[in-house]
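Only one chain is given next, in structure tokens, and it is the form predicted on its own.
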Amino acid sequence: METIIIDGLSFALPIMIIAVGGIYSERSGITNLALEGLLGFGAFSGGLFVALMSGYFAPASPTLIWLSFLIAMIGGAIYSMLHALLCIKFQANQVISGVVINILSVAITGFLTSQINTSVFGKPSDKFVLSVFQRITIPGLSKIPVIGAVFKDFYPFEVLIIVLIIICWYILYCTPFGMHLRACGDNPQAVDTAGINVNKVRFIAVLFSGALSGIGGMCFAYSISTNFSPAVYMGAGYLAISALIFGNWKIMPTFLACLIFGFARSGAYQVVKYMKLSSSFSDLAMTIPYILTLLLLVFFSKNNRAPRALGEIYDKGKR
């Protein structure tokens, strides 16, 4: 049970921070299917930074690790500008833009990783090796039955994500900017009439989604394979999208959905391990969150209430 909780949280929390970014974008009215590409490009940026700067830091330096998260956040935000420009400035189809950005991210990061490793480091490879992110256990609290697993063998980035979720919740629901952002997704004409620049708010929201997705991508790069490689594109962005839809574009219900996905994945893996099945069954167990996504959407999608202006191009001249 402890292992299920530990592994479930390390998978669910990065998905959650990516989903929060998606909530910001979609509550502003911009459909964001590009989360997969944004997390991958963010992880690529952080991985490249580690590869270039590791010689200037001690092995597994915490400073290098946290700086890589900052670079991943910046990289994800910069890459998300492409989606923002296409959807807001050039009024492109938001669904197509998101799909193209995902495909482009896979292609360009794979190409650049191989080229940089060959030309700069002289080692043909499609990955950037990262430092080992040490886990933390809190004495005393980790001894509490069942609940103690939350405080045992967790990654420091899990604490960062929880803090960011609290901050994001406060900004979205308790600040004027959050009110403007939510209004842009429901009634952009009213927001414009009040003197608020709708496109500016939406642009910031998309950049925010890119920054948070970059952090989530870096979390997966450190926790799953300790390197950046094409393996980081494992569908976590799409899981985040399904989680925010299941959560009705609200942060706390989305958090619950992410926990369900995380515990389903870790639980299925432990069942396979307990039954001593072959590795192919372990791969099958990894599909459980996606199968669960389909079931949840089938049974709960009719109760979803998306932002009323989601996906609609706002033209100030036509209001």
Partner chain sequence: MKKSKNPLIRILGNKKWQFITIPVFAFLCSIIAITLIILLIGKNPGVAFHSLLQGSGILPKPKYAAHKGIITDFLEMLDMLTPMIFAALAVAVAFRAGLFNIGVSGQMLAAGFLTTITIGYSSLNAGLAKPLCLIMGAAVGALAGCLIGFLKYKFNINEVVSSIMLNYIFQYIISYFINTRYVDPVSRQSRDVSATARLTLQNVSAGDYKMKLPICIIIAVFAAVFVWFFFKKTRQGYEFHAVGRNVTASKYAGIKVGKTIVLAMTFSGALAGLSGVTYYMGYFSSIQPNTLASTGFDSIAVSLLGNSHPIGILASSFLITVLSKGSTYMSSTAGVRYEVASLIIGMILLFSACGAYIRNTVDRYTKEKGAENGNNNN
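Positions refer to the first chain, counted from 1. Since the structure is predicted, the reported quantities are computational estimates derived from the model, not experimental observations. Definition used throughout: the rigid core is the maximal C-alpha set that superposes within 1.5 Å between two forms.
The protein also exists as the form predicted in complex with the partner chain; that form is not presented, and the subsequent description refers to it.
Q: Since the chain is shown here on its own, which stretch among 133-141, 87-95, 210-218, 150-158 would lie within 4.5 Å of the partner chain in the model of the complex, judged by heavy atoms?
A: Result for this chain: 87-95.
Q: If the cut-off is 4.5 angstroms on heavy atoms, which of these, Leu52, Ala60, Met286, Met252, is the one near the partner chain in the model of the complex?
A: Result of the distance check: Met286.
Q: So which of Ile74, Ile204, Leu82, Val129 reaches within 4.5 angstroms of the partner chain in the model of the complex, heavy atom to heavy atom?
A: Comparing distances to the partner chain in the model of the complex, the residue within 4.5 Å is Leu82.
Q: Looking in the model of the complex, is the partner chain within 4.5 angstroms of a heavy atom from every one of Ser45, Ser225 and Val271?
A: Checking in the model of the complex: none of Ser45, Ser225 and Val271 is within 4.5 Å of the partner chain.
Q: Given that the partner is absent here, does Leu33 sit within 4.5 Å of the partner chain in the model of the complex, heavy atoms only?
A: Leu33: yes, in contact with the partner chain in the model of the complex.
Q: Does the partner chain get within 4.5 angstroms of any non-hydrogen atom of Tyr290 in the model of the complex?
A: Tyr290: contacts the partner chain in the model of the complex.
Q: Can you tell me whether Val232 touches the partner chain? I mean in the model of the complex, with a 4.5 angstroms heavy atom cut-off.
A: Looking in the model of the complex, residue contacts with the partner chain do not include Val232, since no heavy atom lies within 4.5 Å.
Q: Is it the case that Val146, even though its partner is missing from this view, gets within 4.5 Å of the partner chain in the model of the complex, heavy atoms only?
A: Judged by the heavy-atom cut-off of 4.5 Å, Val146 is well away from the partner chain in the model of the complex.
Q: Core aligned, does the CA of Tyr290 move at least 2 Å between this form and the one not shown?
A: Tyr290: C-alpha displaced by 2 Å or more between this form and the one not shown.
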